[in-house]
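Structure 1 and structure 2 below are the same protein chain in two forms, each given by itself as structure tokens.
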Structure 1
Amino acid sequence: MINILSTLQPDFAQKFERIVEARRETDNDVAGQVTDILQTVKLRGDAALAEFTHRFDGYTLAEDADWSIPPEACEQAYKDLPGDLRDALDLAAARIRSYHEAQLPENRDYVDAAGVRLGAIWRAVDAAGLYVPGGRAAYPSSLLMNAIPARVAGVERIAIVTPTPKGVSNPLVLAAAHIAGVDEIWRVGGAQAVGALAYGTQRIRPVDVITGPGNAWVAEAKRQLYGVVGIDMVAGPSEILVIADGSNDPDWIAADLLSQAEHDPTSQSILITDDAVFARQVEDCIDIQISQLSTGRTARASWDAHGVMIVVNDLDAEAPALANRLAAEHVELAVDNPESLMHKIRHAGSIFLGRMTPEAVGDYVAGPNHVLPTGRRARFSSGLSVLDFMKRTSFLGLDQTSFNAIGPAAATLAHAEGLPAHAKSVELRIK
């Protein structure tokens, strides 16, 4: 039974700060190894890829056909899916596409009062690379959440890298690649695959942006290549904050908390409620559900190590400040009228409104992206969107009249900053 905190406890503030500051991320001393792998791939290209893949994945890249999975294999995997699963993936894809289409930014092009033409054009990057993990964490939903925004953004070339240990690939992932319209699938993984996407090799052309989840080596490779290419946010362990009054079914809330806990022992599930009796009921339900889950061992480890329950006097008055300090990836508002709480919560990756909106529905089929900032990064970063696959070019245009109006000020500032060529390029044009 875990300790239930109460905001009435005299040492609550300290206990809560300890929870906020706790680092769940495991230090993996992989930076040096990753640097070596990236350098090797940069210098030796495909030969290095083949060596690493043989060593780490037990898979031999010899013939051309060994290197990639053709679109036809993806289409076949899609056709071979059970009907309900195919329909579910199709529904998810359609809804993700529709949500992200509504996200496309607008260009601007206007002439201001001084007669200066100003604006900005958004354009897609030329090529995106997506990392798709092999093995247990190979989620088709993740592939859709990464590839569809890239496609909606207008990216012309989408290349996947994914390890196929001993040559085995995941048919669900291939089917998702078919639905998303991925252009290339390369059978390489780890830091070496990320390096190949960034630097390019004989076979794999370089990309401009790399996204997608991966292990510590993959995350570190992306971090080191930030600036060579664009990357999505560095991700840490996942978390959910459920804010629930006592009128919820405790079994529902228990399942919601466990849907985070079952991901990984480092995941965190937090309940804030104004009903201490309800909190105990939820915990009882958690114990029962864990015993029935095939993922029970992971869920138990996560809940025991990182699960938190906080009882407050008044949800509306107290929960938002706690939520903003936690800046959680997922925030469920399991109350009748979530509107007021929603507007007070400034820092959250995604907010799930009302009793009928469990996180899991957002993970798969609602439409918004499930790649969200973790580890309090919702304070400053956003979930994956079409903007991660686009960039903006500003533009400006002056004529003699508008130049005469604002040019002299530019020359004055250039002189003051000690940049005479800047000043001259302006002064030559003033008439």
Structure 2
Amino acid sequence: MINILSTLQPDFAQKFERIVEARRETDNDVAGQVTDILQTVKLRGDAALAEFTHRFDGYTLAEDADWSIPPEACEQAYKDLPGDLRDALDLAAARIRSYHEAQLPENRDYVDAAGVRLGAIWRAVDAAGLYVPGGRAAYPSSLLMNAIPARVAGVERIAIVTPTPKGVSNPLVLAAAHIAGVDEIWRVGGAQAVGALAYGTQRIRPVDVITGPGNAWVAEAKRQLYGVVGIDMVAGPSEILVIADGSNDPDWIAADLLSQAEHDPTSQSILITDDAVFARQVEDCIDIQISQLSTGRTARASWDAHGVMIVVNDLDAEAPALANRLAAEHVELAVDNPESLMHKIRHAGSIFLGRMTPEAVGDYVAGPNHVLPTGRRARFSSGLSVLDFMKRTSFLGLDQTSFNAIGPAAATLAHAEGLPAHAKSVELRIK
């Protein structure tokens, strides 16, 4: 039976701190393995990809093999979907596109009081590489969440890498690629695929930005390659924090907690409630539901190792501070007045308001991106957006009048910093 913590326990602060500081991510062995893989791909290109793909995915990338999946196959996969499934993907894509179109930044171009012209231009990167997992499960939703913002941003070339174990590709992923207008799909996965996108190989051209979730090896590869390419984030195991009062249906809250636990044994689900009896009811419901899930073995491992229930006296007074320390990927506010709590929670990847807003709906069709910071990174980073596929170039322009207004100060500062050439570059133009 899982331990239920209470803020009234004299050692609660120490126990809670252990939860906050617990690491469920990459170890040194993974980091070393990834370094070796990336160096091999950098040096040997396609030959290295073929060897790793044969070893890890059981698929042979021979000279005459299908290294990539053609657009026609993606279109056919879309046409072959059952109508309800095709409609669901289309709805998800439309809502994701609409939400992200509203994120597009505006260029700036203005003249200030000194007569100086200032501004900035936003432009998309030339090429983006998207990682789509293909191990424990295939995620067409992740493909849409990554590819659609890239397309909305204006990226000209979108290349996907995805493992196809034994050469088998998931038709849902192919259909999603068709909807999103992906340009390339390569049958490679793992850290080696991330290396191929960053460095380029004989077949795969390099990209400027790499995004998308993956296992520990994929996350570590992105971390090591940041600087060679841009990345969205280093994502760790999934996590959910549910803040719920005793007026909820315990079956609902149990299902919400398990929605993340079923992802991976290292995922984490946490409940904060002001009702100890309700917490026990949720725990009982979790035990029943796990026995009925096809993913029950994974969910059980996650819940037993990382599940937490915390009982507080006052949700509104105590829960926000705990939530801010956890800085969780997903935060559900299953209470009558979620607005009050939301404005007190500063650190969260995404917040889900009210009893009728389970995190799972946000994974698919709501619109906001489900690629979110984990491992307390919500303290300083945000979910994937169109801005991850864009960069800003500033510009300025001066005439003689505006130069005379601000130039002398620039020369003064240049002399103060011991940079006489800087100063002279300015002083020669002052009249």
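Here, a residue number simply tells you its place in the sequence of structure 1, counted from 1. All values derive from a computational prediction rather than experimental measurement. Definition used throughout: the rigid core is the maximal C-alpha set that superposes within 1.5 Å between two forms.
- Two forms of the same chain are shown on their own. Structure 2 is the form predicted on its own.
- With the core held fixed, residue 202 shows a CA shift of 2 Å or greater between structures 1 and 2.
- Annotation for residue 155: C-alpha shift under 2 angstroms between structures 1 and 2, rigid core superposed.
- Relative to the superposed rigid core, residue 99 undergoes a CA displacement smaller than 2 Å between structures 1 and 2.
- The shift recorded for the CA atom of residue 220 between structures 1 and 2 is 2.6 Å, with superposition on the rigid core.
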